[in-house]
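Single chain ahead, written as structure tokens, the form predicted alone.
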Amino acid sequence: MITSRGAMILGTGHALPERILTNSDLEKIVDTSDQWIVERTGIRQRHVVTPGTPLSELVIRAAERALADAGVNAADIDLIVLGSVTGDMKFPATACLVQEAIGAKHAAAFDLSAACSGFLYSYQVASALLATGNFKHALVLGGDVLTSMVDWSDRDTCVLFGDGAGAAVLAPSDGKRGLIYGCMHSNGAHAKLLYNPGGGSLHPPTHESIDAKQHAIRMEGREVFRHAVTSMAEALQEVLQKSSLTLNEIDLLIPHQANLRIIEALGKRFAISSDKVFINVDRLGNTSAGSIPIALDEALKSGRIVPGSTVAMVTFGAGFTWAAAAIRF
């Protein structure tokens, strides 16, 4: 029997905006069609915030639901890690705003930037900090409002993204449940295949940078697709090898929900039965760092994960960053 070495999940929650943007709605905004979007991405709709809605609004709701699910009081949380690239402000960290809003008075709080890999990066960082013995309960968050940086005239990117956030409450492993093995990787050589150039110290906000649309997402879709499939496959293989798990021992695979074709390509490489792969990209689109925790919460609440389940999660994001983890529930 494999002994879990990392933090276990006590409860989860997620939050989505009420507004739904369908492919038919997008047909009225940009030169595209429902058929074009579905064939290339598998996405049929996505939840989007009302312009001006901050990320913290979604993250706070997700956090409160995860705390209720875990039966843990906010006052008992002593660590908050938020994976996101769309925080409310450049500073302070949005995690600090969440801390104040939920009443986690005793928590150290910080944001972590790893794009779509943000939640799995944050989970593993929090797990390592819990292992020091200096923290007892961690709140790990992942969420983005990428529609706040979308160029709605660029049909190659604007059809992909939705908004949302997810949360998990962690505690040190009891030896039966928890993180079995996780990995994190990055390759900055490909940074400009998927990036948001404006708003930082390199291109601070100016009339010129706004006119040049430097504050919108830029992506080389075909190259990102190729790297995503390869990197996610390698990370999943690493987790299986290092944990001595076989695919038959994985009860559910939760891949990053970026594109149905990426998920299908990954499944094909590993010959994974479709009923063991969780998919919600058709309903939610790519919610970036919110993707994995939202899917995890939906899988738990729908009964696809039960006590004793072994779940693999794998993701890929800008940076490039990628990560994977095997967790026993």
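In this text, all values refer to a predicted model and were calculated from it rather than measured experimentally. For every residue, the number given is its place in the sequence shown, counted from 1.
The same protein also exists as the form predicted together with a small molecule; that form is not shown, yet it is the one meant from here on.
Looking at the small molecule in the predicted bound form, residues 119, 186 and 313 place no heavy atom within 4.5 Å of it.
Stretch-level contact analysis of 264 to 272, 24 to 32, 296 to 304, 60 to 68 against the small molecule in the predicted bound form, using heavy atoms and a 4.5 Å limit, identifies 24 to 32. 219 is the sole member of 240, 253, 219, 72 with a non-hydrogen atom lying within 4.5 angstroms of the small molecule in the predicted bound form. Heavy atoms of residue 135 never reach within 4.5 Å of the small molecule in the predicted bound form, leaving it off the interface. Heavy atoms of residue 47 never reach within 4.5 Å of the small molecule in the predicted bound form, leaving it off the interface. Within 4.5 Å of some heavy atom of the small molecule in the predicted bound form lies at least one heavy atom of residue 155. Within this chain, residue 286 lines the site of the small molecule in the predicted bound form, having a heavy atom no more than 4.5 Å away.
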